[in-house]
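Starting off, we have a lone chain in the form predicted alone, written out as C-alpha coordinates.
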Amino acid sequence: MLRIYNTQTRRKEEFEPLQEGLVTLYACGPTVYDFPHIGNLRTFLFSDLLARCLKRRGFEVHNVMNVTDVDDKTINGANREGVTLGEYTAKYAEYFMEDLEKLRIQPAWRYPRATEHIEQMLEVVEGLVEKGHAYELDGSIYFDISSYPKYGKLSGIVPEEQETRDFGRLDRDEYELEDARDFVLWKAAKPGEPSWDSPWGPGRPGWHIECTAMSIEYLGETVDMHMGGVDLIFPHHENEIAQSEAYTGQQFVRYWLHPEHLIVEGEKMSKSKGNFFTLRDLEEKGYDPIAVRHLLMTAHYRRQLNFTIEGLEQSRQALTRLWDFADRLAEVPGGAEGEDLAAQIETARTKFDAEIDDDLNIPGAMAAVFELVREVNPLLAEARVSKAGAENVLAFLHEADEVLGIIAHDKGSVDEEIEALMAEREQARAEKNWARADEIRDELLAQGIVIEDTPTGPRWRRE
(Lines give C-alpha, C1' and ligand atoms only; values in the text may rest on other atoms or scores of the structure.)
Protein backbone atom coordinates (compact mmCIF):
# COMPACT_ATOMS: atom_id res chain seq x y z
CA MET A 1 0.00 0.00 0.00
CA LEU A 2 1.40 3.38 -1.02
CA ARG A 3 1.90 5.75 1.92
CA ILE A 4 2.66 9.41 1.30
CA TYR A 5 3.42 12.39 3.52
CA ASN A 6 0.54 14.86 3.41
CA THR A 7 1.79 18.40 4.04
CA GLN A 8 -1.58 19.47 5.41
CA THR A 9 -1.84 16.76 8.07
CA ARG A 10 1.94 16.58 8.69
CA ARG A 11 1.95 12.77 8.61
CA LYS A 12 2.22 9.80 6.29
CA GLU A 13 -1.13 8.50 5.10
CA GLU A 14 -2.26 5.53 3.05
CA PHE A 15 -3.19 6.76 -0.38
CA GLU A 16 -6.64 6.04 -1.74
CA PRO A 17 -7.99 7.95 -4.75
CA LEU A 18 -11.52 9.25 -4.90
CA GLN A 19 -12.26 7.13 -7.94
CA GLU A 20 -11.00 3.57 -7.95
CA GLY A 21 -8.17 3.07 -10.41
CA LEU A 22 -7.84 6.75 -11.35
CA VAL A 23 -5.62 9.42 -9.77
CA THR A 24 -6.14 13.11 -10.43
CA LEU A 25 -2.92 15.06 -9.94
CA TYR A 26 -2.29 18.78 -10.32
CA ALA A 27 1.28 20.10 -10.40
CA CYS A 28 2.25 23.75 -10.40
CA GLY A 29 4.32 24.20 -13.53
CA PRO A 30 6.71 26.82 -14.89
CA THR A 31 6.35 30.54 -15.22
CA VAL A 32 7.77 30.87 -18.73
CA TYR A 33 9.88 34.01 -18.41
CA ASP A 34 13.36 32.40 -18.39
CA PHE A 35 15.14 29.05 -18.64
CA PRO A 36 14.23 26.64 -15.82
CA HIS A 37 17.06 26.28 -13.31
CA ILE A 38 17.99 23.00 -11.67
CA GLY A 39 15.90 23.80 -8.59
CA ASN A 40 12.83 24.12 -10.82
CA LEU A 41 13.81 20.94 -12.62
CA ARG A 42 13.97 18.96 -9.38
CA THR A 43 10.34 19.84 -8.70
CA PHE A 44 9.24 19.00 -12.25
CA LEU A 45 11.16 15.73 -12.05
CA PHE A 46 9.39 14.79 -8.83
CA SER A 47 6.07 15.30 -10.59
CA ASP A 48 7.26 12.81 -13.21
CA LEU A 49 8.43 10.30 -10.60
CA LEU A 50 5.15 10.61 -8.71
CA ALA A 51 3.14 9.85 -11.85
CA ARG A 52 5.45 6.94 -12.75
CA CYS A 53 5.13 5.42 -9.27
CA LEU A 54 1.35 5.69 -9.39
CA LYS A 55 1.31 3.97 -12.78
CA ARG A 56 3.50 1.19 -11.39
CA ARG A 57 0.88 0.71 -8.71
CA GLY A 58 -1.70 0.16 -11.46
CA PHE A 59 -3.40 3.56 -11.47
CA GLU A 60 -4.44 5.55 -14.49
CA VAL A 61 -3.05 9.04 -13.93
CA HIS A 62 -4.62 12.27 -15.12
CA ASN A 63 -1.84 14.70 -14.30
CA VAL A 64 -2.13 18.37 -15.19
CA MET A 65 0.76 20.83 -15.11
CA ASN A 66 -0.12 24.46 -15.72
CA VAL A 67 2.03 26.89 -17.69
CA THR A 68 1.94 30.44 -16.32
CA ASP A 69 2.25 32.72 -19.34
CA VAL A 70 0.80 35.91 -17.85
CA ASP A 71 2.05 37.42 -14.58
CA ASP A 72 4.32 40.20 -13.38
CA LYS A 73 7.51 38.45 -14.55
CA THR A 74 6.34 37.49 -18.02
CA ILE A 75 4.87 40.95 -18.67
CA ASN A 76 8.04 42.69 -17.50
CA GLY A 77 10.16 40.41 -19.69
CA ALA A 78 8.07 41.01 -22.78
CA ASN A 79 8.15 44.78 -22.24
CA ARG A 80 11.90 44.69 -21.69
CA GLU A 81 12.46 42.91 -25.02
CA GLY A 82 9.85 44.93 -26.87
CA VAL A 83 7.82 41.92 -28.01
CA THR A 84 4.29 40.71 -27.39
CA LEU A 85 3.55 38.61 -24.34
CA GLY A 86 2.73 35.64 -26.57
CA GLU A 87 6.01 35.88 -28.48
CA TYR A 88 8.02 36.16 -25.29
CA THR A 89 6.41 33.27 -23.43
CA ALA A 90 6.24 30.92 -26.45
CA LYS A 91 10.04 30.93 -26.63
CA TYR A 92 10.52 29.95 -23.01
CA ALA A 93 7.66 27.45 -23.06
CA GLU A 94 9.49 25.68 -25.89
CA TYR A 95 12.74 25.66 -23.90
CA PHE A 96 10.85 24.18 -20.96
CA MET A 97 9.46 21.34 -23.06
CA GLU A 98 12.94 20.67 -24.50
CA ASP A 99 14.36 20.34 -20.99
CA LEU A 100 11.62 17.91 -19.99
CA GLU A 101 12.39 15.72 -22.98
CA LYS A 102 16.14 15.73 -22.29
CA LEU A 103 15.50 14.69 -18.69
CA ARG A 104 13.12 11.91 -19.80
CA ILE A 105 10.24 13.53 -17.98
CA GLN A 106 7.16 11.90 -19.43
CA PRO A 107 4.55 14.31 -20.83
CA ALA A 108 1.73 15.25 -18.47
CA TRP A 109 -1.84 14.46 -19.43
CA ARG A 110 -2.48 18.19 -19.99
CA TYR A 111 -0.37 21.37 -20.09
CA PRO A 112 -2.97 24.17 -19.92
CA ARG A 113 -1.76 27.75 -20.39
CA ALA A 114 -3.15 30.58 -18.33
CA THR A 115 -3.90 32.89 -21.26
CA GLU A 116 -6.07 30.17 -22.84
CA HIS A 117 -8.30 29.93 -19.74
CA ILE A 118 -9.29 33.51 -18.98
CA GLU A 119 -12.97 32.63 -19.37
CA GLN A 120 -12.75 29.90 -16.72
CA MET A 121 -10.91 32.25 -14.35
CA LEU A 122 -13.54 34.96 -14.75
CA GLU A 123 -16.25 32.42 -13.99
CA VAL A 124 -14.59 31.56 -10.66
CA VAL A 125 -13.97 35.21 -9.78
CA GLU A 126 -17.59 36.13 -10.51
CA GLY A 127 -18.75 33.21 -8.37
CA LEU A 128 -16.60 34.35 -5.45
CA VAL A 129 -17.99 37.88 -5.69
CA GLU A 130 -21.55 36.56 -5.74
CA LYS A 131 -20.91 34.36 -2.70
CA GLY A 132 -19.46 37.26 -0.70
CA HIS A 133 -15.87 36.00 -0.68
CA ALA A 134 -14.48 38.70 -2.95
CA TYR A 135 -15.02 42.40 -3.55
CA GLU A 136 -14.28 45.00 -6.20
CA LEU A 137 -12.11 48.08 -5.72
CA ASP A 138 -11.15 50.39 -8.59
CA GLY A 139 -11.66 47.67 -11.18
CA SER A 140 -9.66 45.03 -9.32
CA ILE A 141 -11.15 42.07 -7.43
CA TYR A 142 -9.72 40.90 -4.11
CA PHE A 143 -10.36 37.75 -2.11
CA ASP A 144 -11.57 38.59 1.39
CA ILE A 145 -9.66 36.15 3.58
CA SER A 146 -11.75 37.13 6.60
CA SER A 147 -14.66 35.39 4.82
CA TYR A 148 -12.84 32.05 4.91
CA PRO A 149 -12.22 30.99 8.55
CA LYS A 150 -10.02 28.04 7.56
CA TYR A 151 -7.39 30.27 5.95
CA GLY A 152 -3.94 29.05 7.00
CA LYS A 153 -4.78 25.36 7.40
CA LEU A 154 -1.99 24.29 5.05
CA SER A 155 0.79 26.67 6.03
CA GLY A 156 -0.19 27.50 9.60
CA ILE A 157 0.00 31.20 8.73
CA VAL A 158 -3.12 33.08 9.80
CA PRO A 159 -4.30 36.67 9.35
CA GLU A 160 -3.88 39.13 12.16
CA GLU A 161 -6.76 39.57 14.62
CA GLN A 162 -8.41 42.45 12.83
CA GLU A 163 -10.54 43.18 9.82
CA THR A 164 -8.44 42.25 6.80
CA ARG A 165 -9.40 45.36 4.83
CA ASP A 166 -8.07 47.59 7.64
CA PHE A 167 -4.46 46.73 6.87
CA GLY A 168 -4.30 46.75 3.10
CA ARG A 169 -4.45 44.49 0.10
CA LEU A 170 -1.92 42.79 -2.12
CA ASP A 171 -1.68 43.40 -5.85
CA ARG A 172 1.64 41.63 -6.32
CA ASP A 173 1.61 38.06 -7.65
CA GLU A 174 4.28 36.89 -5.20
CA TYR A 175 4.97 38.06 -1.66
CA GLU A 176 6.46 37.07 1.66
CA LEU A 177 5.17 35.06 4.61
CA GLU A 178 4.13 38.05 6.70
CA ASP A 179 1.67 39.19 4.03
CA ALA A 180 -1.47 37.26 5.03
CA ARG A 181 -3.75 39.88 3.54
CA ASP A 182 -6.50 40.09 0.94
CA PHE A 183 -4.97 38.95 -2.34
CA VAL A 184 -5.84 39.98 -5.86
CA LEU A 185 -7.90 37.72 -8.10
CA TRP A 186 -8.33 40.10 -11.02
CA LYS A 187 -6.17 43.16 -11.72
CA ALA A 188 -7.50 46.31 -13.34
CA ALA A 189 -5.70 47.13 -16.59
CA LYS A 190 -2.49 49.15 -16.37
CA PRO A 191 -0.56 50.90 -19.16
CA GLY A 192 1.87 48.56 -20.88
CA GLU A 193 0.09 45.39 -19.76
CA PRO A 194 -2.09 43.00 -21.79
CA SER A 195 -5.73 42.97 -20.76
CA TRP A 196 -8.98 41.09 -21.27
CA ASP A 197 -12.59 42.23 -20.92
CA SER A 198 -14.36 41.48 -17.66
CA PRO A 199 -17.57 42.58 -15.84
CA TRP A 200 -15.39 45.12 -13.96
CA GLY A 201 -13.63 46.51 -17.01
CA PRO A 202 -10.43 45.47 -18.80
CA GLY A 203 -7.81 43.69 -16.72
CA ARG A 204 -5.86 40.49 -16.27
CA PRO A 205 -5.83 37.59 -13.79
CA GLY A 206 -3.73 37.44 -10.67
CA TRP A 207 -1.37 34.51 -10.33
CA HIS A 208 -3.28 32.34 -7.85
CA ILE A 209 -6.62 32.15 -9.65
CA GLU A 210 -5.29 30.28 -12.69
CA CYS A 211 -4.59 27.05 -10.80
CA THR A 212 -8.06 26.94 -9.27
CA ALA A 213 -9.75 27.54 -12.62
CA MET A 214 -7.67 25.04 -14.57
CA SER A 215 -7.74 22.38 -11.86
CA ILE A 216 -11.55 22.51 -11.78
CA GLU A 217 -11.72 22.58 -15.58
CA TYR A 218 -9.69 19.40 -16.10
CA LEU A 219 -9.85 17.46 -12.83
CA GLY A 220 -13.04 18.48 -11.07
CA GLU A 221 -13.76 20.28 -7.81
CA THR A 222 -11.72 17.89 -5.65
CA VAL A 223 -8.26 16.68 -6.65
CA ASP A 224 -6.54 13.60 -5.26
CA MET A 225 -3.05 15.09 -5.23
CA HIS A 226 -1.57 18.54 -5.64
CA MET A 227 2.15 19.18 -5.66
CA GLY A 228 4.65 21.99 -6.06
CA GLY A 229 7.86 23.22 -4.52
CA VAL A 230 7.95 23.81 -0.78
CA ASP A 231 8.22 27.55 -1.49
CA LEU A 232 4.66 27.47 -2.87
CA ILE A 233 2.99 26.39 0.37
CA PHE A 234 2.48 30.06 1.17
CA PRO A 235 1.09 32.12 -0.38
CA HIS A 236 0.24 30.25 -3.55
CA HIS A 237 -1.19 26.98 -2.28
CA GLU A 238 -2.79 28.55 0.77
CA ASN A 239 -4.59 30.99 -1.51
CA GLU A 240 -5.58 28.22 -3.91
CA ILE A 241 -7.28 26.37 -1.07
CA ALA A 242 -9.16 29.45 0.13
CA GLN A 243 -10.48 30.55 -3.24
CA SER A 244 -11.26 27.00 -4.45
CA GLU A 245 -13.14 25.84 -1.36
CA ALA A 246 -14.94 29.16 -0.99
CA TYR A 247 -16.09 28.83 -4.60
CA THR A 248 -17.12 25.15 -4.67
CA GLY A 249 -17.90 24.40 -1.03
CA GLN A 250 -15.90 21.18 -1.47
CA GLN A 251 -12.50 19.98 -0.27
CA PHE A 252 -10.00 21.18 -2.86
CA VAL A 253 -7.12 18.70 -2.40
CA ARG A 254 -6.91 15.45 -0.46
CA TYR A 255 -3.11 15.00 -0.41
CA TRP A 256 -0.54 17.79 -0.64
CA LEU A 257 3.07 16.96 -1.60
CA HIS A 258 5.98 19.42 -1.55
CA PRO A 259 9.58 18.70 -2.66
CA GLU A 260 12.25 20.52 -0.65
CA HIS A 261 14.67 23.18 -1.85
CA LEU A 262 17.85 22.50 -3.75
CA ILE A 263 21.12 24.15 -2.81
CA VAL A 264 24.35 24.23 -4.84
CA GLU A 265 27.74 23.47 -3.32
CA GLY A 266 26.24 24.04 0.14
CA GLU A 267 24.80 27.49 -0.63
CA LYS A 268 21.55 28.94 -1.86
CA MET A 269 21.57 29.14 -5.64
CA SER A 270 22.27 32.65 -6.90
CA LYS A 271 23.54 34.17 -10.13
CA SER A 272 25.69 36.57 -8.12
CA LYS A 273 27.45 33.60 -6.46
CA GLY A 274 28.12 31.88 -9.78
CA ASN A 275 26.30 28.72 -8.67
CA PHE A 276 23.14 29.21 -10.71
CA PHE A 277 22.74 26.42 -13.28
CA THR A 278 20.27 25.62 -16.01
CA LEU A 279 20.30 22.29 -17.83
CA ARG A 280 21.95 24.02 -20.77
CA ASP A 281 24.75 25.29 -18.53
CA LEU A 282 25.50 21.74 -17.41
CA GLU A 283 25.33 20.37 -20.95
CA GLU A 284 27.90 22.96 -22.01
CA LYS A 285 30.15 21.58 -19.27
CA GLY A 286 29.87 18.15 -20.90
CA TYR A 287 27.28 16.48 -18.65
CA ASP A 288 24.59 14.19 -19.98
CA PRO A 289 21.08 15.29 -18.88
CA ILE A 290 20.50 11.74 -17.61
CA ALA A 291 23.38 12.24 -15.14
CA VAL A 292 21.54 15.38 -13.98
CA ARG A 293 18.35 13.34 -13.62
CA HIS A 294 20.20 10.75 -11.56
CA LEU A 295 21.73 13.34 -9.23
CA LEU A 296 18.38 15.05 -8.70
CA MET A 297 16.99 11.69 -7.51
CA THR A 298 19.74 10.93 -4.98
CA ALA A 299 17.99 12.66 -2.07
CA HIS A 300 14.45 11.95 -0.86
CA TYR A 301 12.08 14.59 -2.17
CA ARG A 302 11.36 15.92 1.33
CA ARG A 303 15.05 16.40 2.05
CA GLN A 304 17.19 19.28 0.84
CA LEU A 305 19.48 18.24 -2.02
CA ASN A 306 23.02 19.60 -2.21
CA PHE A 307 23.81 19.74 -5.93
CA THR A 308 27.57 19.63 -6.56
CA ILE A 309 29.78 19.12 -9.58
CA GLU A 310 31.48 16.31 -7.68
CA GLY A 311 28.09 14.71 -7.19
CA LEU A 312 27.38 15.08 -10.90
CA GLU A 313 30.64 13.27 -11.66
CA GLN A 314 29.59 10.48 -9.30
CA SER A 315 26.22 10.25 -11.05
CA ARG A 316 27.98 9.98 -14.40
CA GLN A 317 30.14 7.15 -13.07
CA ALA A 318 27.13 5.38 -11.54
CA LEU A 319 25.31 5.50 -14.89
CA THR A 320 28.39 4.19 -16.69
CA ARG A 321 28.44 1.18 -14.36
CA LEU A 322 24.71 0.63 -14.78
CA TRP A 323 24.77 0.91 -18.57
CA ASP A 324 27.84 -1.31 -18.81
CA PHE A 325 26.08 -3.90 -16.66
CA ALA A 326 23.03 -3.87 -18.94
CA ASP A 327 25.24 -4.21 -22.03
CA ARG A 328 27.08 -7.19 -20.54
CA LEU A 329 23.78 -8.90 -19.76
CA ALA A 330 22.63 -8.38 -23.33
CA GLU A 331 25.84 -9.94 -24.61
CA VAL A 332 25.52 -13.21 -22.67
CA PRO A 333 25.61 -15.80 -25.48
CA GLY A 334 22.67 -18.02 -26.28
CA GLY A 335 22.85 -21.40 -24.61
CA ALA A 336 25.02 -20.08 -21.78
CA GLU A 337 24.52 -22.05 -18.58
CA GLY A 338 24.67 -20.82 -15.01
CA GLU A 339 22.46 -19.26 -12.36
CA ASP A 340 18.96 -18.13 -13.28
CA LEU A 341 19.10 -15.37 -10.61
CA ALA A 342 15.39 -15.68 -9.78
CA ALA A 343 15.94 -15.27 -6.04
CA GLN A 344 18.15 -12.19 -6.45
CA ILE A 345 15.66 -10.58 -8.81
CA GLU A 346 12.72 -11.19 -6.48
CA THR A 347 14.63 -9.71 -3.55
CA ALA A 348 15.43 -6.62 -5.61
CA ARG A 349 11.84 -6.24 -6.79
CA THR A 350 10.43 -6.57 -3.26
CA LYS A 351 12.89 -3.97 -1.94
CA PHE A 352 12.21 -1.67 -4.90
CA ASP A 353 8.46 -1.67 -4.33
CA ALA A 354 8.74 -1.35 -0.56
CA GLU A 355 10.84 1.80 -0.96
CA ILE A 356 8.38 3.33 -3.44
CA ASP A 357 5.47 2.57 -1.12
CA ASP A 358 7.28 4.33 1.75
CA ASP A 359 6.58 7.92 0.73
CA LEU A 360 8.13 7.55 -2.72
CA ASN A 361 11.65 6.80 -1.52
CA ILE A 362 13.33 6.90 -4.94
CA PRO A 363 16.91 6.83 -3.54
CA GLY A 364 16.01 3.60 -1.74
CA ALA A 365 14.50 2.14 -4.91
CA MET A 366 17.66 3.01 -6.86
CA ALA A 367 19.74 1.37 -4.13
CA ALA A 368 17.79 -1.87 -4.66
CA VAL A 369 18.76 -1.82 -8.33
CA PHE A 370 22.44 -1.13 -7.66
CA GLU A 371 22.54 -3.86 -5.01
CA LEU A 372 21.40 -6.32 -7.67
CA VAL A 373 24.15 -5.01 -9.96
CA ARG A 374 26.74 -5.64 -7.23
CA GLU A 375 25.49 -9.19 -6.70
CA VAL A 376 25.35 -10.18 -10.36
CA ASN A 377 28.47 -8.46 -11.69
CA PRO A 378 30.93 -11.02 -10.23
CA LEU A 379 28.84 -13.84 -11.69
CA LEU A 380 28.96 -12.18 -15.09
CA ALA A 381 32.72 -11.78 -14.85
CA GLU A 382 33.03 -15.52 -14.16
CA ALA A 383 30.57 -16.45 -16.96
CA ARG A 384 28.22 -17.99 -14.37
CA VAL A 385 24.99 -16.37 -15.61
CA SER A 386 22.66 -18.30 -17.88
CA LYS A 387 21.13 -16.68 -20.91
CA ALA A 388 17.70 -16.97 -19.29
CA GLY A 389 19.05 -15.43 -16.10
CA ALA A 390 20.53 -12.50 -18.02
CA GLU A 391 17.24 -11.93 -19.82
CA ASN A 392 15.34 -12.02 -16.53
CA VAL A 393 17.64 -9.42 -14.98
CA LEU A 394 17.27 -7.23 -18.06
CA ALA A 395 13.48 -7.56 -17.80
CA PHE A 396 13.61 -6.35 -14.18
CA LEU A 397 15.87 -3.44 -15.16
CA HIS A 398 13.34 -2.43 -17.81
CA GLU A 399 10.58 -2.74 -15.21
CA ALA A 400 12.48 -0.55 -12.73
CA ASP A 401 13.27 1.95 -15.45
CA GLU A 402 9.57 2.60 -15.96
CA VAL A 403 9.94 4.50 -12.68
CA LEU A 404 13.57 5.63 -12.66
CA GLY A 405 14.05 6.64 -16.29
CA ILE A 406 17.86 6.29 -16.20
CA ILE A 407 18.67 2.77 -17.40
CA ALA A 408 17.66 2.74 -21.05
CA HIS A 409 20.54 3.85 -23.26
CA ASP A 410 21.89 3.55 -26.77
CA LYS A 411 25.38 2.10 -26.86
CA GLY A 412 25.62 3.16 -30.47
CA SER A 413 28.10 1.85 -33.00
CA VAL A 414 31.66 2.57 -34.04
CA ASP A 415 33.01 3.61 -37.41
CA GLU A 416 35.07 1.42 -39.73
CA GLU A 417 38.38 2.83 -38.48
CA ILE A 418 37.58 1.86 -34.87
CA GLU A 419 36.36 -1.58 -35.97
CA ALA A 420 39.61 -2.10 -37.86
CA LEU A 421 41.67 -1.18 -34.82
CA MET A 422 39.71 -3.57 -32.61
CA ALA A 423 40.20 -6.37 -35.15
CA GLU A 424 43.91 -5.61 -35.35
CA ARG A 425 44.15 -5.77 -31.56
CA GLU A 426 42.52 -9.20 -31.52
CA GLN A 427 44.97 -10.39 -34.15
CA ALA A 428 47.88 -9.04 -32.07
CA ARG A 429 46.57 -10.85 -29.00
CA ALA A 430 46.21 -14.08 -30.97
CA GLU A 431 49.87 -13.71 -32.02
CA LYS A 432 50.82 -12.86 -28.40
CA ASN A 433 52.04 -9.46 -29.52
CA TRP A 434 51.05 -7.90 -26.21
CA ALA A 435 52.94 -4.65 -26.80
CA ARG A 436 50.97 -3.92 -29.99
CA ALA A 437 47.70 -4.96 -28.32
CA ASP A 438 48.33 -2.53 -25.46
CA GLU A 439 49.31 0.19 -27.90
CA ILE A 440 46.02 -0.22 -29.76
CA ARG A 441 44.09 -0.20 -26.48
CA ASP A 442 45.66 3.20 -25.69
CA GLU A 443 44.83 4.50 -29.19
CA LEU A 444 41.21 3.47 -28.75
CA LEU A 445 41.05 5.00 -25.27
CA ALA A 446 42.31 8.29 -26.71
CA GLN A 447 39.27 8.19 -28.99
CA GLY A 448 36.90 7.53 -26.08
CA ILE A 449 36.58 3.75 -26.56
CA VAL A 450 37.26 1.47 -23.58
CA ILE A 451 38.15 -2.15 -24.36
CA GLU A 452 37.52 -4.85 -21.75
CA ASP A 453 38.67 -8.45 -22.09
CA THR A 454 36.13 -10.92 -20.68
CA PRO A 455 35.86 -14.74 -20.57
CA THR A 456 33.53 -14.55 -23.57
CA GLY A 457 35.78 -12.22 -25.56
CA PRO A 458 36.54 -8.51 -25.77
CA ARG A 459 33.81 -5.90 -25.44
CA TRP A 460 33.84 -2.17 -25.85
CA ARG A 461 32.06 0.81 -24.35
CA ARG A 462 32.32 4.54 -24.64
CA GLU A 463 34.29 6.28 -21.91
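As the structure is a prediction and not an experimental result, all values here were calculated from the model. So that there is no doubt, residue numbering starts at 1 and follows the sequence shown.
Below: the form predicted together with adenosine monophosphate (AMP), not depicted.
Undergrad: Consider residue 262 of the chain shown here, and say whether it contacts adenosine monophosphate (AMP) in the model of the complex, taking contact as heavy atoms within 4.5 Å.
TA: Yes, contact at 4.5 Å.
Undergrad: Indicate whether residue 73 is a 4.5 Å heavy atom neighbour of adenosine monophosphate (AMP) in the model of the complex.
TA: Yes.
Undergrad: Is residue 55 close to adenosine monophosphate (AMP) in the model of the complex, meaning a heavy atom pair under 4.5 Å apart or at it?
TA: So residue 55 does not count as contacting adenosine monophosphate (AMP).
Undergrad: Please check if residue 268 has a heavy atom lying within 4.5 Å of any heavy atom of adenosine monophosphate (AMP) in the model of the complex.
TA: Looking in the model of the complex, residue contacts with adenosine monophosphate (AMP) include residue 268, since a heavy atom lies within 4.5 Å.
Undergrad: Go through 77, 235, 229, 389 and name the one with a heavy atom inside 4.5 Å of adenosine monophosphate (AMP) in the model of the complex.
TA: Result of the distance check: 229.
Undergrad: Quick one: 315, 320 and 323 and adenosine monophosphate (AMP) in the model of the complex, is every residue within 4.5 Å by at least one heavy atom?
TA: Not one of the three qualifies.
Undergrad: For the chain shown here without its partner, which stretch in 144-152, 80-88, 254-262, 343-351 has non-hydrogen atoms within 4.5 angstroms of adenosine monophosphate (AMP) in the model of the complex?
TA: Result of the contact check: 254-262.
Undergrad: Under the 4.5 Å heavy atom criterion, name the residues of 358-375 that approach adenosine monophosphate (AMP) in the model of the complex, in sequence order.
TA: Heavy-atom contacts to adenosine monophosphate (AMP) in the model of the complex: nothing from 358-375.
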